[in-house]
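As structure tokens, one chain now follows by itself in the form predicted alone.
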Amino acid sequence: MNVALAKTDTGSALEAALAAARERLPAGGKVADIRRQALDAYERTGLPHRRIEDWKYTDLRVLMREVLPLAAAPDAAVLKRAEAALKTAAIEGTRRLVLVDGAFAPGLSETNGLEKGVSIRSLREALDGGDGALQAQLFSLDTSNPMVALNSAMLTDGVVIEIADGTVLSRPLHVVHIAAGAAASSMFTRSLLRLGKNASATLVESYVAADGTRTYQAHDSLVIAIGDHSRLDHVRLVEDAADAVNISSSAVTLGAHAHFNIFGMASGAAVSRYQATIAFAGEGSRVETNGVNLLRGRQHADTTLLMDHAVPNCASREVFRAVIDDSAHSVFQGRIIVRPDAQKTDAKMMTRALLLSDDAEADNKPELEIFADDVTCGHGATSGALDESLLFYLRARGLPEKDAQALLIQAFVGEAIESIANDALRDLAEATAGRWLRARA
């Protein structure tokens, strides 16, 4: 049963949509109650709009208008189309974990020969296992956010990755989200990564579409727990179809002396939003978040981050870059909270936007909430056009205008891309930026 949700949907339509999701991911008992409560939470608000402060610049009642019907479970024809898309999306040297139209695809994934200390299951398998602690962690996201609540109610599958204490992965894990089914449909996924103590891993996420797949919505959420003295590098690449919508949420918790390094690049989708809450639960930890929006046409991309410093002696850095052409719109909202016990916090954030046309728009909203007195915190935001003097310098030395612009744009986003520790993944991000620049030319 496929039912579209809109801002005016109530009662029977919502119940029917929840029933359709339950058919895809059966889960009784406490999980069923959580999903019911999450749908009730979404129903009270509906699609978020500009009167909700966190959604002031991304009014989904205007940009998205409705939640499309749930995508059907992929059949053989859809999986074949996804396999063709995977040939261009796969990254050499990584272990692929593939989700097609919101369902885990074991035939396209590499789950054999796992390294010692690594467990990978589909969300369905994890929920069927009856692990109460795991279920609680999977549903730990804040359902006061309407799109998180909708995801909690409607999720159909995902990947659960558990990495034992002392395990150092030699290959990055690559979760590939592929839209390959019918147009005008939506997919809801949730994944979990638990990294034990003294462990290290790299996680890559890609969002892509099979050839010809259009007008879909990807609703994804990810829960990450990083153990004491562990490191996780996370790379997100959003290259959805040009008329797609991508709404992604993350909740990250760090133990003591942990290190989390995340890089995100949005160059696809008509509308995208990445919202993440990163919580420091152990002393001496560090977070580095870096992002790049590459936008043109009428694209709208929103990055909203909450850095929650609750314990002493932790550090966070946020570096965000946006390159905006035509009538595109980039949003960055960064909020740092330093709680009373979080003395010796060192937190800084900087966002810069490069406007390539008179109609391009950038909204940057950095916020600091500091309740401790022994801290070092700061933020900054700038926006402007390409430096005319530098353009003149390059053109005077024989470079065509577009080539000169491309060189300056590559230098502008380079600081964020350089944060990627893995050489191959850094090259991949640079290649993605290069494709965007060539398409612009």
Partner chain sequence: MSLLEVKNLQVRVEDREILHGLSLTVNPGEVHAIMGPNGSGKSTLSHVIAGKPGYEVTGGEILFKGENLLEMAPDERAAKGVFLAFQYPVEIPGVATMNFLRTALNAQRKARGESEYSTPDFLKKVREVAKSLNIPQDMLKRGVNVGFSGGEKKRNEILQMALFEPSLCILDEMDSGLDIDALRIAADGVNALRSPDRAMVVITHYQRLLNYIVPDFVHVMSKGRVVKSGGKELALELEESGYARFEDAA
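Worth saying up front: this structure is predicted, and the values here are computed from it rather than measured. Numbering follows the first chain given and starts at 1.
The protein also exists as the form predicted together with its partner chain; that form is not presented, and the subsequent description refers to it.
- Interface membership of residue 44, defined by any non-hydrogen atom within 4.5 Å of its partner chain in the predicted complex, is ruled out.
- Residue contact with its partner chain in the predicted complex: residue 384 places no heavy atom within 4.5 Å of it.
- Among heavy atoms of residue 378, none comes within 4.5 Å of its partner chain in the predicted complex.
- Proximity of residue 394 to its partner chain in the predicted complex: non-hydrogen atoms within 4.5 Å are present.
- The contact residue chosen from 52, 32, 372, 408 relative to its partner chain in the predicted complex is 408, the criterion being a non-hydrogen atom within 4.5 angstroms.
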